[in-house]
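For reference, the chain that follows is the form predicted alone, supplied as structure tokens.
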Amino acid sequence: MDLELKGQRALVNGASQGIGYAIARQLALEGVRVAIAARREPALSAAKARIEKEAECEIVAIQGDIRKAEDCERIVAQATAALGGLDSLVNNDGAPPLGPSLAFSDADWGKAVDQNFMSVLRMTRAAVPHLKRAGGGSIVNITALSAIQPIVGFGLSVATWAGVIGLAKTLSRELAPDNIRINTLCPGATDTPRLAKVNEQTSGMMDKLVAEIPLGRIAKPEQIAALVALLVSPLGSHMTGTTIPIDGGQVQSLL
């Protein structure tokens, strides 16, 4: 299926590995001109080289820390300058530490808010003027299943990503007149380095959660990326304000 994405311009955060990398790769294979951003320069350069080789295109790589306000503005500015504008933004990053919610200090909570919530707000705020100039566009936020089905010990992520869902739903109404759409994905257990780390830290908790997935398997990053490609494409242009679990049927609520 042709998603009609060729020639569009996208910025993907946290794209040096895992889900972010898979999204950037998928968009590049669809003919999108992609800028990728991440904190760690060696991994970022390696990701750029791998995508360029496979997609036979040029990838713009921007080192930056989206936990910092000044880096959010700089990343968007450099991406739009290099690409000549922007049609899509994918907000994606890692996750804060695990532990009992009340055991974290105010400083810990502040870091989590900057990483998960303020980064999305700042990147979106910087990107929207460029999306308006393009005549509209799409924003996709990558959170996690725990944002809608909380897990013990994931309080920093749950609370901050729930805020992202609320922000996105509000923005979907505020930005609709400008033809800007915003959707949020909530992946369940996905085959990434993050999953392996969490499983190690929680003495096999994730193995137990995977056993509860009706489809009996975890997601591949490419499956998350495929839905992102649809959402930012013209074929997905009637979807905005949605919160979509990608979880193999794990969520048990009706909505």
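Residue positions are given as counts along the sequence shown, with the first one as 1. Since the structure is predicted, the reported quantities are computational estimates derived from the model, not experimental observations.
Missing here is the form predicted in complex with a small molecule; even so, the following discussion is about that form.
Under a 4.5 angstroms non-hydrogen atom cutoff, the small molecule in the model of the complex has Ala189 among its neighbouring residues.
At least one heavy atom of Asp65 is located within 4.5 Å of the small molecule in the model of the complex. Remark: Pro193 counts among the residues lining the small molecule in the model of the complex, judged by a heavy atom distance of 4.5 Å or less. Though the partner is left out of this view, Gly94 does reach within 4.5 Å of the small molecule in the model of the complex, counting heavy atoms only. Exactly one of the stretches 139 to 147, 81 to 89, 169 to 177, 126 to 134 approaches the small molecule in the model of the complex with heavy atoms within 4.5 Å, and it is 139 to 147.
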